[in-house]
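What follows is one chain in structure tokens, specifically the form predicted alone.
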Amino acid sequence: MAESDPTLGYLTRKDTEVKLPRPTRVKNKTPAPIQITAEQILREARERQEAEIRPPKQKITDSTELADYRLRKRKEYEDLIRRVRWNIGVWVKYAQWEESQKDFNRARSVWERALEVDYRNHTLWLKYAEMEMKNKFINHARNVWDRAVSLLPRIDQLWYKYIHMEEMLGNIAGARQIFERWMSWTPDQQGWLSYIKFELRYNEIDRARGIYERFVLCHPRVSAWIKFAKFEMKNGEVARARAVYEQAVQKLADDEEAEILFVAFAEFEERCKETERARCIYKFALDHIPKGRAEDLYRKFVAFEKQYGDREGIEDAIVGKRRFQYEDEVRKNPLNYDSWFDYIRLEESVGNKARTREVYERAIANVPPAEEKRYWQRYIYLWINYALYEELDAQDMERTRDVYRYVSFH
């Protein structure tokens, strides 16, 4: 007799052993003549699936049954809310169900309770107001929108919907008043542009102009000023448009996007057939904008000169473009003396003595970093060329002596 384990009571180890079925060995491993695909298996499983059991449709025949149904549904929703009070979707379904029962006071009560849970959720405000509008409770809707924009003034969608409702009702003065409330919160550019479009829809040009003036003060950016100028141009106010551009140049001449402003201003003058004005704007811009940001400006200027300029103007534009390229090269590597030589030759060919001397002075200021001959060979030639330029081209003997004297002492 097998010994019993004290932990197993009267059972022996043999009685408690789990016998697993022996794995069946597949003798024939050749593929079956008819193959079954996964698609067939799934289709067959779907066909054999039993139909979903749905509760029978309940037909309410009298007011007592209706009251019982409503009481049961309300109890379900209230129980659900007690469990997941933070779930806004449950509140929305509850309120919409009350609305479907045409019990609007109860629906409002549900919305108000939901807002107490999370008034920062703008979706709640939107759905609440939509319920009031859909059922034509206009004053109630106004009240909801007014509270929404007071509590969440940075949610643009609330302002847009509120204004849209007033505009659809034909209350233009009310919509304008809402826009003014919104503008006091200094919204983004799109908010201001919506206000301007609103005024233009009702052909209020002067009002739109006043809004543009406030807009560029609130958002003093190049794009805002250009929109203002284009607005004036569209309304045929050429003098006003020019004044806008001039004001923008005074305020934003040193801005990072100043290049875009100058190009827009020059193209405006070009459309007005004021080619001399446009040329002056291009030259002023090229003198004031750093070379690293003026690439597009040079390209536009060259194209402008090719279209409107004479031979001398075209040559100046091309020289300016090459000057820009050399400036870029020497900025990247100030010890690249070959680039300095090319830059100096360009200025010598133009014949501007002051510019040529300035480039020479800038070039010789870049002293080689080490005392090796290969570094100093090209640098010495800069001094020699400078002295020869002063002697032969500029014919200024005093400056030539100064150059030689400086080299001999250093």
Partner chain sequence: MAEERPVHPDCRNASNPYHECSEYCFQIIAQAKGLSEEKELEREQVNACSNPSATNTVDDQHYEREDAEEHSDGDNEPPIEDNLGVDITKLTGRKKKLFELRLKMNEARKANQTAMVAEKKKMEAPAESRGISKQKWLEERKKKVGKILDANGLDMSKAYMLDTQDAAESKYKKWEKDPAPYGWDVFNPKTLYNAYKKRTKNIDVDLDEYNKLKEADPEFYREASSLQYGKAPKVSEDRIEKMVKELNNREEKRKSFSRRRKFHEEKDIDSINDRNEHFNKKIERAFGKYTLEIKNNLERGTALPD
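Only a predicted model underlies this, so the values are computations on that prediction, with no experimental measurement involved. Positions refer to the first chain, counted from 1.
Below, we turn to the form predicted together with its partner chain, even though it does not appear here.
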property	result
Contact label in the model of the complex: Asn203 to its partner chain, heavy atom within 4.5 Å	yes
Contact flag, Arg83 vs its partner chain in the model of the complex, heavy atom cut 4.5 Å	no
In the model of the complex, Pro153 touching its partner chain (heavy atom, 4.5 Å)	no
4.5 Å heavy atom contact, Leu42 to its partner chain in the model of the complex	yes
Stretch in contact, per heavy atom within 4.5 angstroms of its partner chain in the model of the complex, of 218-226, 125-133, 244-252, 75-83	125-133
Position in contact with its partner chain when the complex is considered in the model of the complex, options Glu213, Glu276, Glu257, Glu180, heavy atoms within 4.5 Å	Glu180
Contacting member of Ser63, Thr30, Thr37, Gln49, with respect to its partner chain in the model of the complex [4.5 Å, heavy atom]	Gln49
Heavy atom within 4.5 Å of its partner chain in the model of the complex - qualifying residues of 157-177	Gln157, Tyr160, Lys161, Tyr162, Ile163, His164, Met165, Glu167, Met168, Leu169, Gly170, Asn171, Ile172, Ala173, Gly174, Arg176, Gln177
